[in-house]
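Quick heads-up: the structure tokens below are two forms of one chain, split into structure 1 and structure 2.
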Structure 1
Amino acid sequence: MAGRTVVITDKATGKSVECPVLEGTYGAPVIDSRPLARELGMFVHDIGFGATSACRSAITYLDGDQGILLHRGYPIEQLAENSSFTEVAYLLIHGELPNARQMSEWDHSIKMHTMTHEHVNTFYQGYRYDAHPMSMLQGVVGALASFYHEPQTDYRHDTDHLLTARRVIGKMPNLASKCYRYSNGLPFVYPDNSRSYVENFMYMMFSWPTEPYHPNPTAVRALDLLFILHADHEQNASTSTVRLAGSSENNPFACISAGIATLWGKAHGGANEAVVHMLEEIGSPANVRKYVDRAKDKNDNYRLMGFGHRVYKNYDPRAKIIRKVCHELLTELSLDQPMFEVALELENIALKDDYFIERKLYPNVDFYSGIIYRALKIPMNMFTPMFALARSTGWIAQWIELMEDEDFRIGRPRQLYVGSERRDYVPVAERSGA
């Protein structure tokens, strides 16, 4: 409804303020609360920003109640079925799907940025042999700010944003693969631009200088699919971090590094590692019921990982897609499937249990992704760097959108102060107990 407003009244003073209601393409209407500060001197208290719209965005929409995820209006199911990761990257950056010529030029332009400066390689040497790959990835991505930085750069007006996007998307597989190679004492592998984006990444990860490398096409497609599903997911913690860092008109690689730091947390990108640990602990489908009962016991602090989501209150659409490809991959590669069988039994019991149904605890994207990474022989400490590699596409799309936003302003959340009242300083010798 055009011109819709919400009136908020302070009963203590009788003063009222009219707040505009903003309508998006989809989703709940949003109250523009800015008049509260101007008219009543009040702010909205929203811990974790779960009920706060901090920006306008045309990139990704998700409906947690209905289990819907759209990128630029396209359902994730259709993109997963028909698209490729680099095409989804084009969509996120440009807003539309490319034609054949545009797609060819886009792929070529990304391949022209797969190399990194040789001096970047020396950064890896400063890490301990057992450093977590996310620690390395955060550091080297941040270091790229020193290779692509002009002191007086106006990132909002003077920067070629598409060039920045191509650099980020093109270099992330190179940087991530070196984290794995360094951790395992293997020589770094230069990219081979005759290969596709995902195959090139696998080549840099797993090839040996002495042997030809030909990855299984099913494995390439499975990883490409995971990258599509991880490419963007609206204003989550890491994306919000990238936007907040960018709001200070910061170097884009520094912003991406900040996003990597946030993604690393076990409550965000690190959750798929926790799922694998859980499935290994359960061990067998016969043990699933015991662990489900433990999770339901309020006196037991045990938690089942990979269930529930901050936004989704229905089955995560990405989890449905991953479940299918997980089964196909394991069958194609003729791999033993005990962990997958445990996951299937756990999902089967949980989806029929009133405890999980009432709390809307459905499998999320992390529930099956770790099994696929395991099948691809990707070590557990590389799970989150894989996530970061894919999500950097969404991050840079969000960064560009922020830079080009007419309503751009630096992020500055407020707080509810609950500390001491004003008090005067007392010299140490005069304090009680001195």
Structure 2
Amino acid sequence: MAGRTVVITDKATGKSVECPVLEGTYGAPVIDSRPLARELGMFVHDIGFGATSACRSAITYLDGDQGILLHRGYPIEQLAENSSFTEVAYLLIHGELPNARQMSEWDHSIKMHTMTHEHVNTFYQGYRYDAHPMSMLQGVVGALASFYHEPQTDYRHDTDHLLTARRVIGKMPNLASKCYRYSNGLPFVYPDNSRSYVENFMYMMFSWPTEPYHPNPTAVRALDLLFILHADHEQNASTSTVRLAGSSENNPFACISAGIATLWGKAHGGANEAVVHMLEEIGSPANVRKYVDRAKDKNDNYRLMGFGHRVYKNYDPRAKIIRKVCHELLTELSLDQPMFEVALELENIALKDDYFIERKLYPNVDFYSGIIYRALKIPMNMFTPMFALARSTGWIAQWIELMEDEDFRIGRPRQLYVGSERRDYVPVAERSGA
């Protein structure tokens, strides 16, 4: 076998297998473990997929030890400083930055998909008055599958993937804003395509039909930045869910809906809402030590929300950017945010504490994003839907990459069975205790 290989020997039988080692542009080399199953009849056991590569991808690279995040090769810091959310969406999907003409065509083509079928509005009416917006968003995005569905569609070869991307990106602000409007008994607002992507979203969320609406440009820029930072993040839980759903050659809106379900949990996208609950509960910088001690206590399930990451064992580069913007935004909008003081004290104490140092637990992107959303007067239960809105660009880029992958196969993990041995059925009357 040419190239680098790894030999694995089963000491019980003396049989060996040679597995190819695959090298990417960056990152740890990857062992192609398929010969293990073929030749030794063994599988790899990796709960949580911490040591498993499930696909080849050219979209996003992250180095958790160095705190590096690249989209199509461009560092997140440069994109945050110079780009816009829709440009980053173009980059994720097309692989290259657009020229001026391509950018203007892209923006226009997204605007052509900001409306939804009028019947979509009736779906919202079925939700309870106090439904969580993530539950509504998951449902209505899934419902769009019925508006863009042909029986037996070959999603790999017979669909226009770019059109699908434009539909998803164009409609998400409309769908997410309606979750908020429904919860608050407000009339739905149609998109206004004379506005930018983010401004249009704010308009659909916050405007009154009776009044002109002019959002604060600082707030628009801050939100655009948050959307850039949330646009994609490699093979995280929700993205892997979208890929797994897509691997059965399923409708893309159904796949995005599955991603939304996974994002909702507090260990993932739901952390931004959980962070603000936590900071409110802590209340004052003087109480921080008590909560840090709780997080360290093995007999207490309490965790500091917004701390820790499966891959980053260094400062999350997105958290660094957000932290700076948080300072600037609060100063620029002249906002007094006691919550920010609590967050700074929490970060300060935790980063000096041996428990967090030894486990390499640093603030992640969601530690600060909730404070920014709060400063922008976004209701707390809308934080995660807004994350979903931004991440849907990454999800659809990853879905397209999967659909166009020559190595496409349905995702089908194996397991280590630890249940009963084979046994025969016993009629109920003959079972013990009858």
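The structure displayed is predicted, hence computed values, not measured ones. Residue positions are counted from 1 along structure 1's sequence. So that the term is clear: the rigid core is the largest set of C-alpha atoms that superpose within 1.5 Å between two forms.
Source of structure 1: the form predicted on its own. Once you line up the core between structures 1 and 2, the Cα of Asp130 stays within less than 2 Å of where it was. Relative to the superposed rigid core, the position of the CA of Lys352 differs between structures 1 and 2 by 2 Å or more.
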